[in-house]
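Only one chain is included here, represented as structure tokens and corresponding to the form predicted on its own.
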Amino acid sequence: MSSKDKEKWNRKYGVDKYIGGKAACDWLTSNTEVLTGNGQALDIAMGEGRNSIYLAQLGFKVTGIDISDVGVKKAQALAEEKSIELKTVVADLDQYEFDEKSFDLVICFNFLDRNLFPKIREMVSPGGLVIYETFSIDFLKYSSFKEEWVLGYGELLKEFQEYRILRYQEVDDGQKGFASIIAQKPL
């Protein structure tokens, strides 16, 4: 990432409203039964914090990380509004040093950096979960995204092939294409 990325996201988040809304993503809320709460959770590229807040409400101790200080400030404001404790980190994910095997849950929504997959696999505790959802190659029909920013068919399955796949989907709903996974690290 770069200072250009930070500037881009600060501009996007630098509006009064929450650009993604304040409610957590559907993939997270529709799979709550797999979230047993009260462990350590990490939200990668958390943006304005809606998914982090949701996890904290379920009992997780959440750390959210994002390159945008504006997004992080909005996440902190949302946490305060909901009386939720949220640890936030402003950092460039290319430079950030993650703790190995320290999270019971790692989530990432609407962000793709393939260099992070090995780090994600390492930082999840044995028995812990990865919940990941982002745009797939089908999204290119509806947007001007670059191909490097979207998942190929089955790519999440390959990245987490040594994990137990609890849920998986690839969706093209006529407006966007995305892939979603919930995977559990072996004990």
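Owing to the predicted nature of the structure, the values given are computational and were not obtained by experimental measurement. All residue numbers refer to positions in the sequence shown, first residue = 1.
Form predicted in complex with a small molecule: not shown, discussed below.
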Would you confirm whether the three residues Q40, T63 and E122 all fall within 4.5 Å of the small molecule in the predicted complex, going by non-hydrogen atoms? no
Considering only heavy atoms, tell me if F98 and the small molecule come within 4.5 Å of each other in the predicted complex. no
Although the small molecule is absent from this view, report whether I131 comes within 4.5 Å of it in the predicted complex, heavy atoms only. no
With the partner left out of view, is D94 within 4.5 angstroms of the small molecule in the predicted complex by any non-hydrogen atom? yes
Is the gap between I53 and the small molecule in the predicted complex 4.5 Å or less for some heavy atom pair? no
Answer option from I137, L58, L28, A45, heavy atom within 4.5 Å of the small molecule in the predicted complex: A45
Listed range touching the small molecule, judged in the predicted complex by heavy atoms within 4.5 Å, from 63-71, 123-131, 28-36, 155-163: 63-71
